[in-house]
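Here you'll find one protein chain in two forms, each presented separately as C-alpha cells under the names structure 1 and structure 2.
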Structure 1
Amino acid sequence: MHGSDATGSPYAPHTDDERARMLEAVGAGSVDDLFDIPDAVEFDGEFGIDARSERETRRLVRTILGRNDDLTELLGRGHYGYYVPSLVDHLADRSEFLTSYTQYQPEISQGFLQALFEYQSLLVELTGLEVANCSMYDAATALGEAATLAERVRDTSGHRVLVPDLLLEGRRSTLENYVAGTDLAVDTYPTDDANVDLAALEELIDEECVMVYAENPTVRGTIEEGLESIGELAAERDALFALGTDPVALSLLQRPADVGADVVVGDASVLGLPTSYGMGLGLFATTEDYLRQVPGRLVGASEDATDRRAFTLTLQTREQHIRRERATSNICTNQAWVALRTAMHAAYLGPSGMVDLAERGVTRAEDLAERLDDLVGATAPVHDRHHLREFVIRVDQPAPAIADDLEKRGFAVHVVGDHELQVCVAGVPDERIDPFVAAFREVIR
C-alpha cells in the first residue's frame, strides 16, 4: 500500500509511475483508453440540472407524479397489492434496519438476525419443510436456483426441467438464463383448463427429467388439484418436485410437504410490500436432506459464551459466497430488508389473520366473477375451478379494446387472450368493486 505516498491514496494507492507501467504493459496511452464510452452518454462534467431549493424540488416532484394515471389496479399475475399496515413502514424504516450491512458480525447484528430467523421459521411452518433460507431476489431467481439444486442432488442421468406451458414469461426467461451455463434444458408440459394435464405429464416424465415444476395457485388464479399426483410422478422417476406458491396462499392451501414437494419457491413479498413493479422477495424452502445445497444465506440459533440464545449466519463460510468453485449459487446477497417487512406483516396478522386474508381472496374473487358473469357478453370464470385472488373472464368483444375502455374509466386489468381478460381482487378496496362492475357493464355494451 502507498497510503502515505503523496501521489496515492488508501483507496486508489497506485503511484503515477506504477500506473504508467501498467498502461504500457497493456498497450494503452491513458486510463481513458481503457473505456469505450459513447459520446452521447459520456459525462462531460455538467449534469444539466438547474439548482432548486427544497421547496421548489418538492413542488416539481409533486407535479411530475401528478401526471400518473389514478388507476385502480386489478392486475395480479404474480404482483399483489395487499394493504400493508403502517407499523411495517414505521418499524422497517428504523435506521438500524435501513443502514444494516450483511450480518456477518453476529455480535452487533442480533436484532436483524433474529428477525430473519423468524422469517425463516414462518416459511418452515407454512411449507412443512425443514429448511428455509433468508431469501432470494424474487420468484424467478428462486426457480432458477431450484433447477440448479436439482442438477446437483439428483442421480438421474438426464438434464430436463419440466415447467407448465402457462409459466410467466419473465420466470421462464430467468430460468433459461440460469440453465444456460449448465447441461440443463427446459421443456414444457401442457395444462388442461389451467391446471396440470396429469396424463400428458406422466408421458413426459422419464429418466431424463431432474425436476418438475408446478404452481399453486396457477398464474390464471386456479387452485391446482393434482399436487399429490404430481409429487408421486416425480418421486417415481427420481425427479425433484418444485412447487411455486406464496405465504398468503400457503395459509389456506395444502402444505407442500404433504403433497411430496422437495423444494418450495415463490414470492413472499405478497406480505410486507405493496405492488412494487419488479422488486420482490424470493422464498426458498427445502428438506433437510438438501441443507448443505441451499443457496443464499441461512440464519441459525445457538448460544453465546454466557449460555444466552444467540443468532448467527450458519452452515456456510463467507468463502462460499465469493469463490465460484465453492459456491452453490451466484446470488451472494439477499433481500433481508424485504424479508424483515414480510416477517413484520405476518406477525401483525397472526395465524388467523393470514387465513382470513386468504379466505377473502377466495370469496371476493368468486363474488366478483359471479357479478361479471351476469353481464351480457361476458363469461366468468373461464376455468371451472376454485380460484384464489384472480380469475380469467371471456368477453365477446376484443379484449384489448375492453381493457383500453376500462383504463379510461380508471381501472387496469390484464389482457391474456384475444377475448380474455384477467381480473385480480387482491388489495382492491371494497368500495371500488361496485364502480368496476358498473364500468365493465358500460364497456361491453
Structure 2
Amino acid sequence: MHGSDATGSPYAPHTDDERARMLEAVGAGSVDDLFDIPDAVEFDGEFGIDARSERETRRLVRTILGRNDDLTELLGRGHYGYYVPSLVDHLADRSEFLTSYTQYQPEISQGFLQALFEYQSLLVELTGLEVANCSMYDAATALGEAATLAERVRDTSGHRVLVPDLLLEGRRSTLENYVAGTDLAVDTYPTDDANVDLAALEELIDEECVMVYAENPTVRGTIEEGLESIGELAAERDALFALGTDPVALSLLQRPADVGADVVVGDASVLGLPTSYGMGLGLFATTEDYLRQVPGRLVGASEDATDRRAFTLTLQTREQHIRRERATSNICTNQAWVALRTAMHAAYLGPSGMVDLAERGVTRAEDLAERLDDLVGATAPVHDRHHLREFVIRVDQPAPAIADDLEKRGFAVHVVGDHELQVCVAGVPDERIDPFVAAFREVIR
C-alpha cells in the first residue's frame, strides 16, 4: 500500500530506503538534482488538485455521473446501445489485452495480432472487400481518411467530394477538416426520403469528382435503394464510391462489393461498446487495388523462424513512424481495443445472431411505426421505404415540445423537423416499447 495514504503516487513502488540507494547509485543528492530545468520556466505553483483515496475517487466519479438522467435512448445514428454480452467485458478486460502496447514486438503479441487479424477478416466477409484495417477513430474520421485516400489514388485533377445533403454535421465537419490541407472540396448532393436522388447525382458527378459518399441505411433509417446505380455512376466517372454503414447493417443489407463500393467506412462499435457519448471505432475497408494507400495499421499472416504461422503488423512503410510526412495518414494510436471488443461481440453473435439482430432491426421498427401510426396525431413512418432500426414520425403538434415531454417521461428521441421526430428501436429493450408508446400517446394529445 505504498503511498496510498502517503502524498506520493500510489503506483510508484519506491520505499524511502530504495530511493536513497538509487540516488546514491546515480550520484545525485536529491531527485531535484536530476532535473535540468532553467529557473525561469520552473513551476513553483500548485495545480490545486486534491489527492483522494481510491474509494473517494470512485465515489466522486459516481456522484458526478449520477447527474446524468436515466433515459431510454431511441437515438440511434450509429450508436445503438445493443446489449454487449458480459463475455466481452470480462475477456477484453484481461490485462494482457487492455494494457499492452501496439504490437511492434510481434513475438510476444501473437494473441492480440490474431484477434485483430480476425477482426479484419470479419470486415472482409461483411464488406466483400479484400482489405480492412485495424481501426480508425470513428465513422467521421474514417470518412475523412477515405477522402484523402481518394485524392491519392485518383489520377484526375479532380477536387470534389460529394456527400448527401443530410450528412451528419459531425461527419461533414470532420471531413472538411481532413480535406482542408488538400485540394479537395466537399459538395452536397440532394436526397429523396434520405435516399440518393440519382438524377441529381448524375448531374453533379463529373470528372472533377474524386469520391461519392452514400450511407446505407441512411441517416433517416431508410434503406438505400440506389446503391448499384451510385456504384455505376462513380465507376463511369472514375470516382471512388465510399459507402457508410456498420457491421449489423452489413449482416443483412447488400454487400458493398456487390454494388461497386471501393471503400467502406462507418462505426463498427455498434457491436462491442455500449453508447459511450460518441466514442467509436472507425471501420475502414477497401479493395486490394488501394492496399498500399490504406491508412492505419494492418495485421498480416507470416511465418516465424520455425515456419509456424505467425502474425505481424505489416506494410508499415505506409505509416507515420516510418514515412513521416509522406505517410498515408497521421494516425498512430488507434482504437485497437475497441476492435477487439467488436470482434468478440460479433463472434458471440455468430452469423445467425448477426443476421437476426439486423432483421429484428427491420421488423421491430416496422412494428413500432405501425403502433405509432395508429395513434391520433401521428403518422409513421413518414418515408414510404424499408427501414432499418430507425424511422421518422410526423406529428401534428410541434416536434420540439413533444421531444421535451418525452424526455420528462424518460425517453430521448430526435427532432428532425418542426413536426418530425426520429426514433430508433435498436438496443431498446422489448419491455420499454410499451411504455414508450404509452408516453407517446400522452404527449401528442
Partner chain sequence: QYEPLLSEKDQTRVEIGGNGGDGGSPLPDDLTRDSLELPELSEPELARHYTRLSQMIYGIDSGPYPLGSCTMKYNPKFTEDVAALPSAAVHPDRSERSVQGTLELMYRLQDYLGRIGGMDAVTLQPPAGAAGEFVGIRVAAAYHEHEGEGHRDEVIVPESAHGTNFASAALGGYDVVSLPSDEGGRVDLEALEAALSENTAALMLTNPNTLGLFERDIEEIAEMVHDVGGLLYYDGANLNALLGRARPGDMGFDVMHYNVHKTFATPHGGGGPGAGPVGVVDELAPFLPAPRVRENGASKSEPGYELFDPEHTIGKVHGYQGNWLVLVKAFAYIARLGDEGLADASAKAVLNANYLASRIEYEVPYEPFHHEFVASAGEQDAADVAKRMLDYGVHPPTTKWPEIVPEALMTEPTEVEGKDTLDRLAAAFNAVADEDDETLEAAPERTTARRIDQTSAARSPRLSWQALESEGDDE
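Structure 1 provides the reference sequence; residues are numbered from 1 along it. In this text, rigid core is short for the largest set of C-alphas that superpose within 1.5 Å between two forms. Worth saying up front: this structure is predicted, and the values here are computed from it rather than measured.
Assignment of forms: the chain in structure 2 is the form predicted in complex with the partner chain, the chain in structure 1 is not. After superposing the rigid core, the C-alpha of Asp33 moves by 2 Å or more between the two structures.
Relative to the superposed rigid core, Glu24 undergoes a CA displacement of at least 2 Å between the two structures. Core-based superposition between the two structures puts the Cα shift at Val61 at 4.6 Å.
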